[in-house]
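Just one chain is shown here, as structure tokens, and it is the form predicted alone.
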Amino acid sequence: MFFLFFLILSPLSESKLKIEITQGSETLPKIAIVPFRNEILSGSKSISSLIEANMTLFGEFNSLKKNEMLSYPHSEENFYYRDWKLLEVDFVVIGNVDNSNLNNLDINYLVFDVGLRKIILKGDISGNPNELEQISKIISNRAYQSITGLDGVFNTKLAYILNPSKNSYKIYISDIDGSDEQLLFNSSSPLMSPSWSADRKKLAYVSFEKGYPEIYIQDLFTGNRSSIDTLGMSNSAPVWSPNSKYIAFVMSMSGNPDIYLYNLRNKKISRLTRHYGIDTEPAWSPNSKKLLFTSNRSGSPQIYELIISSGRIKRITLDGDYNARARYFPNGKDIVLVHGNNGIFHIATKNLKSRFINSISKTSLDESPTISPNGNIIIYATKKKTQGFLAGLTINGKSKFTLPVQEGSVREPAWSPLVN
């Protein structure tokens, strides 16, 4: 008799995940987050320290310690570029907090490019003092975008599967830094393949609670869940289309897995592939017009691309005896995948117009890559002995990090989309 329950976004007292930088670089840009004038605390943290934690979360910047700063400017008038040039700082964030209204904070801030000797961002934001962490993430996103030209991802989410002990499987959702961790679903039967809706309001996943794999769609706010009705046939690997119209998934008819589409509006199912080989692990292109999938139709697992409108299928990978679990980058021109040779599996990237596959991870049992919405960071599952944990890296290879777990094994990370 299986046992399961769901606990709708119930916060836990202690985070399971926390990012730990394992490799940095001396050549990273240096950033200084100056203490904001009149800043208040969220617990033991000030808004400037929260912003600093965000900006250095993935090891993309080196930060200047506050006790090494020559001054604490709060306006353009008392900011002197020469002071920060002397400290070899590339970017500086300063700000002011107006807390005269106890129920509302008015914060203005500036970001300086020291090398160009110019202000690259002027911003302001208002909010409740109890929302300081969310406010800091919004400021961090804007500062990050002004410096890098990429969207900030500090207010995105991560879903993942935790297997704390035998016959215990849990789906968790947390902020991308591991905070605000919440249990979505708990089961004595295996759980797999979490996938976010484009609006971040629902999660699709696979549960074996009935003794076979079945796809469920769960509302993150109401807790309501429903399954995709496939008349008792096994189905797996759901992935939500970016245009929110479909879920691509795998269904085994007469024991042969193929790729299918589930229309979320009319709940109709249509078949996309018809082959005696195994077709699995679909992934949507950013424009919702194409799918990547893994197939052994050529004799070994390889990546193929399907144009949905025409049904045309093209083989993408030619090198290696194992290529699987591919995902598009946000630019639609590159993919990340699991690349294997002789039983060793790495996370790799590939440009769709090139034959070359570039391995970017170093351990031997890496799987399930998920890409940040700005295309700059990859988180994936790996193992140390028998324990599964998450690891990540920046695309330029300058920073690597882990997300260790206190107990059990964690796998199948899914990075949420950006939501304005």
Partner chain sequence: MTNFSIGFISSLVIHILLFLFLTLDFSLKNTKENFSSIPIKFISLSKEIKEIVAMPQKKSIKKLESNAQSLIEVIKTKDEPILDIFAQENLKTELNNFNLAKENMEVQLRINLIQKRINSVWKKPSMINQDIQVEITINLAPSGEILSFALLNSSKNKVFDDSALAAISNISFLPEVINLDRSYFEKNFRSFNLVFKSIGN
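Residue numbers count along the first chain shown, from 1. For clarity, every value in this text was computed on a predicted model and none was experimentally measured. The term rigid core refers to the most C-alpha atoms you can superpose between the two forms while keeping them within 1.5 Å.
Keep in mind that the form predicted together with its partner chain is missing from the display, and what follows is about it.
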query: Proximity to its partner chain in the predicted bound form, single hit among Gly311, Gly115, Gly123, Gly223 (heavy atom within 4.5 Å); finding: Gly115
query: The unique member of Ser234, Thr349, Asn186, Asn141 whose heavy atoms fall within 4.5 Å of its partner chain in the predicted bound form; finding: Thr349
query: Contact label in the predicted bound form: Arg271 to its partner chain, heavy atom within 4.5 Å; finding: no
query: Lys267, heavy atom within 4.5 angstroms of its partner chain in the predicted bound form; finding: no
query: Partner contact for Lys245 in the predicted bound form: its partner chain, 4.5 angstroms, heavy atom; finding: no
query: Close approach of Lys201 to its partner chain in the predicted bound form, 4.5 Å, heavy atom; finding: no
query: Segment assignment from 67-75, 246-254, 226-234, 83-91: heavy atom within 4.5 Å of its partner chain in the predicted bound form; finding: 83-91
query: Sequence-ordered residues of 17-40 touching its partner chain in the predicted bound form, heavy atom within 4.5 Å; finding: Leu17, Lys18, Ile19, Glu20, Ile21, Thr22, Gln23, Gly24, Ser25, Thr27, Leu28, Pro29, Lys30
query: Threshold 2 Å Cα movement between the shown form and the other one for Ser25, core superposed; finding: yes
query: Closer or farther in the predicted bound form: C-alpha pair Ala326, Ile21 (3 angstroms or more); finding: farther
query: Comparison of CA distance in the predicted bound form with shown form for Thr22, Ile147, at least 3 Å; finding: closer
